[in-house]
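In the block that follows, a single chain appears as structure tokens, in the form predicted alone.
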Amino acid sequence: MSDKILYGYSAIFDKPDDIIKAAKTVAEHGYKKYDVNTPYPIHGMNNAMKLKPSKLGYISLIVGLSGALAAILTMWWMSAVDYPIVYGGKPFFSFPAYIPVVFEVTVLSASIATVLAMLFIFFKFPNNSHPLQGTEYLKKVSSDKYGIIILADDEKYNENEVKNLFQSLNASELEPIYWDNDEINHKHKIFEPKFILFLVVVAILNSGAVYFVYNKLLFMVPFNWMMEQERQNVQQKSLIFSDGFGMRTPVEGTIARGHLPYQFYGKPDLAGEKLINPIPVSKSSLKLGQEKYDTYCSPCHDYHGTGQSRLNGQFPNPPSLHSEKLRSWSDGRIFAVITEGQNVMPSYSTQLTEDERWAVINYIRVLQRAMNAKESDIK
């Protein structure tokens, strides 16, 4: 063994209490470079060894905070500078909405940095050799024994003193551990051509597999079930119903939740007696009524309700909304006409909701009052 370089001296113990005592004693003797190997975690070992916090946490913290800052700046730039859009009255930089994304980026970047630091810095990947690999010591401490090793480059290392210390602790076995030549001559091989080639091959295989899955496999039976679903698309011909229509009318007699059906079909005079306008006259309701009136009513009734159609004779002119008859109608009676239609006027129940119809009636009352103003209105 004279041509071998000593890595450290190891001791084997049979009981967990013995390894705890050994670790504590070694730490009290001032040794700094030593390690304990056990087949399973032993409670209290960190305190016995007087271990300092791992430096790996600093890497996770720095990269995690950097990821959080990068996510915030990126979203701020996109939302407030490069392409500002108002969503629901929120400010351009709405930080509460960004918290989930910032959290995920922080965790993801810290996790990836931790794994990469462990592999490439602490474990010297792609090199995976170590002096303990393949030794009898490692085989025993991986099974049912407990071991401790003091490294030869410790400031206080003296082989005789280390042996005497282990013997005083009643170690069952003592064994020197020597460096492996591969480990001694190791240099980081991240940029070694073979390793780079390996990464390229993995990237090509992974890209090919992803392309095949998303562009070919998902279109093959039976993997195309998400695309070829047994469903009825809008306006698609149906092979189930005898009339061939896929879009079905609601079952007769059913009532939509939160909706009361119109009960006065064919009874406009009764509707005029029973229905009361539930929409109060306000600036907002009149604005809504004017918008809907100008869209759906003005082509025939014109913007002022005079009946002078804007269709230039292409459709029969309706009666004026300012006649004595229409001004004497109740809101419910006008609502019946808008809902059911009358003469050549079609129903607008599908174009206008109930509230919109009542708002239109409010606006019609404004037009009627404006065209038939009283002397008190002028004053």
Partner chain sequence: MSSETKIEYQKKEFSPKVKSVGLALLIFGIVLVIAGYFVSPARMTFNNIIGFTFLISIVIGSLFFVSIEYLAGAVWSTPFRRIAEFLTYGVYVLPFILIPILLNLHDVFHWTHPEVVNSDKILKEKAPYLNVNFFLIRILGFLLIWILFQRFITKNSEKQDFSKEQSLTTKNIKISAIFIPLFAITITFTAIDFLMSLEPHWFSTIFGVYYFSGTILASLATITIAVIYLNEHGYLVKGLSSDHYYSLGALMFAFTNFWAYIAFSQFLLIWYANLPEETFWFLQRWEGSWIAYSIGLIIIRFVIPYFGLLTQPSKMDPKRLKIMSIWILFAHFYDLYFLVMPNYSRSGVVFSWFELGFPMLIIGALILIFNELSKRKNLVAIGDPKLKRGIDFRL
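Keep in mind that what you see is a predicted model, and the values were worked out from it rather than measured. Positions refer to the first chain, counted from 1.
Keep in mind that the form predicted in complex with its partner chain is not shown, yet the notes after this line are about it.
Scanning Gly266, Pro222, Pro261, Pro100 against its partner chain in the model of the complex with a 4.5 Å heavy atom cut-off leaves one residue, Pro100.
In the model of the complex, at least one heavy atom of Lys90 sits within 4.5 Å of a heavy atom of its partner chain. Taking the partner from elsewhere, Gly341 is found to have every heavy atom lying beyond 4.5 Å of its partner chain in the model of the complex.
Taking non-hydrogen atoms only, Asp17 approaches its partner chain to within 4.5 angstroms in the model of the complex. At the 4.5 Å threshold, heavy atoms of Gly44 reach its partner chain in the model of the complex. Stretch 91-99 is the contacting one of 91-99, 282-290, 211-219, 75-83, since its residues have non-hydrogen atoms within 4.5 Å of its partner chain in the model of the complex.
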